[in-house]
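Only one chain is shown below, in C-alpha cells, and it's the form predicted alone.
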C-alpha cells in the first residue's frame, strides 16, 4: 500500500515544521536566550510557530535526545539545567577525550581526514572573524568530532560527540566571556593541533590538546568567579 500524494505532502510539511522548531529552539537554548530551567509551554510554541503540537513535541524529543531539554514526570518540559556543582567532572572528561582522540588522530589519520579537519578550521577562523558564536560552537564541534573520527576508535568518537553536544552551552559561556571576540591566539591553537597531527607527533598532539582544553577550563572558571564576585552584596 503506497502513500497518497496528499499524505506524502503532509508528512513533508510536518517534517519541515519539526526541523524549524528544533533549529530555532536549539539556537535559543545555546545562546542562553532560553535559560536553563525555563519551562517550555507546548501551547505557546504551537501558537508562536502556527502549527499543531505534534511537530512541537517531536522537536522537543529531539532536543531532549541532545541533552538540551528535560522531560518532567508530569510530561511537561524545561530547558535542561547545567549542573555547575558537577562541572569539574565534565571538564575532566572532555580534557581526557581531547587528549586521547588527538593522540589517536596523530597515529591513524588519513589524507582525507586532514583535508576535512583543515576545512573545518578554515570555517572556524571565519566564524571567529565574524564574531558569530553560534557558528563557532557548531564548527568547533565538527572540528573536534572529525579529529575523533580520524583516530578510528568508534567508542572514543561516540563519547567525544556526547561530551561536545553536552558542552555546547558551556562553550557559549566561554565565548561570552570574551564578548564573542575570541583572541586570535586561541583560534591558532587549532592550527598547532592540526600541524602536530599532520606530523604524526603523538606526544606533541597530546600536549597541545591538553593545553587547549586547560585554557578553556581556566577561562570558564575565571568567568564564573568574576560573576560570583559581582553578585556579592555590599
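No experiment lies behind these values; they were computed from the predicted model shown. Positions refer to the first chain, counted from 1.
Note that the form predicted in complex with another copy of the chain isn't included here; everything after this is about it.
The three marked residues, 39, 45 and 80, fail to reach another copy of the chain in the predicted bound form, with no heavy atom of any inside 4.5 Å. Note on the interface: of 83-91, 111-119, 124-132, 138-146, the segment with non-hydrogen atoms within 4.5 angstroms of another copy of the chain in the predicted bound form is 83-91.
In the predicted bound form, at least one heavy atom of residue 58 sits within 4.5 Å of another copy of the chain.
Although the partner is absent from this view, residue 168 stays clear of another copy of the chain in the predicted bound form, with no non-hydrogen atom inside 4.5 angstroms. Of the heavy atoms in residue 158, some are within 4.5 Å of another copy of the chain in the predicted bound form. For the chain shown alone, residue 62 is a contact residue for another copy of the chain in the predicted bound form, at least one non-hydrogen atom being within 4.5 angstroms.
Look at residue 153 and residue 62: in the predicted bound form their Cα atoms come 3 Å or more closer than in this form.
Three angstroms is the minimum change: in the predicted bound form, the CA atoms of residue 123 and residue 66 sit farther apart than in this structure, by 3 Å or more.
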